[in-house]
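Only one chain is shown below, in structure tokens, and it's the form predicted on its own.
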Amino acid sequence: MENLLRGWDGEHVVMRYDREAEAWIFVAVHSTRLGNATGGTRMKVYDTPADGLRDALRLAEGMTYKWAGIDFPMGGGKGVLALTRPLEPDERDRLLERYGELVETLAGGFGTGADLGVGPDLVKVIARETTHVYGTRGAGDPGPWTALGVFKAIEAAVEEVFEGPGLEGRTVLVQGLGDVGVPLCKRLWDVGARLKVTDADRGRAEGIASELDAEPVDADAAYDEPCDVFSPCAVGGVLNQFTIPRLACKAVAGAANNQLDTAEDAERLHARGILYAPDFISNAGGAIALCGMEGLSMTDDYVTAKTLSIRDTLKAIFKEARERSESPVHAADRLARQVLERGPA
């Protein structure tokens, strides 16, 4: 953990060992250049505390680039509850309450919300002890907002790859049919896209496929399935040295955080001629809605317009990447760095 912290370019990390739950708590604040640090809280079992810390550092940096990439007045942070074992519900809730107490001591220096392992109901548990949470005061479920942003990202990708707008008749494979994947599928179905769906729960995939006249695909075979756009909406790290050679798509645009397993995977996609919509731009809709409405008192209309602008942001990124013959990741990183260097608008 010492080496991880020395090699990190963020601002600070708050660490605590929770003896009762035998869990490590990490709050990583990567940047407050644009505003107070904000990011979800992840809770899962990790092999080692260092793995949990590594996740927190990586995700906090990702939040910095997400906010900067969409020019939003928030800073990058992340909470991770690194469990050493599964917890019973009452034990888990007590840990979340103690975590809420810790967040409250930061006096607004870090605001948090839902992430992997901490759904909207568990955010309410954290909120028993702190007001610095998002997802409890009226913005609603962030999933459909994230889905709207990803939908616009898919539109931008299709327009870039096929040199013309419109999703009607285009085949989109959605991986992960949860809080984002399902509303995304419904939006795609509404505009006439051909849907293929896959999920770790085969029964869930078949149910959604039946409802939306989609084609269910086995989870293990998803990377080999021909499609125009592959949309990862489940876990991160799915684009790697093993899966990228298998992809049978023209573009990737999804909701999952950290879809690239390593930085080199952006080059692997580019070498194969597969357009990649950087995830920290594509999946920003939910974060915009929660933090905009609940933290910055933005109106529904403003949040909607900001989320819809993801399409135009990506179109500009794709254009620059095309002109430079590089991965869109580089253009998106430059955009985020320019915003960070400029500071708050």
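Throughout, we count residues from 1 along the sequence that is shown. Treat the numbers as computed from the prediction; the structure is a model and nothing was measured.
Quick note: we don't show the form predicted in complex with a small molecule, though the next part is all about it.
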| request: Check each of Asp179, Asp228, Glu160, Asp115 and return the one that places a heavy atom within 4.5 angstroms of the small molecule in the predicted complex. | output: Asp115
| said: Quick check on Thr38: any heavy atom within 4.5 Å of the small molecule in the predicted complex? | reply: yes
| Is the gap between Ala277 and the small molecule in the predicted complex 4.5 Å or less for some heavy atom pair? | no
| request: Report yes if any heavy atom of Val27 sits within 4.5 Å of a heavy atom of the small molecule in the predicted complex; otherwise report no. | output: no
| request: Report yes if any heavy atom of Asn257 sits within 4.5 Å of a heavy atom of the small molecule in the predicted complex; otherwise report no. | output: yes
| Since the chain is shown here on its own, which stretch among 44-52, 306-314, 28-36, 288-296 would lie within 4.5 Å of the small molecule in the predicted complex, judged by heavy atoms? | 288-296
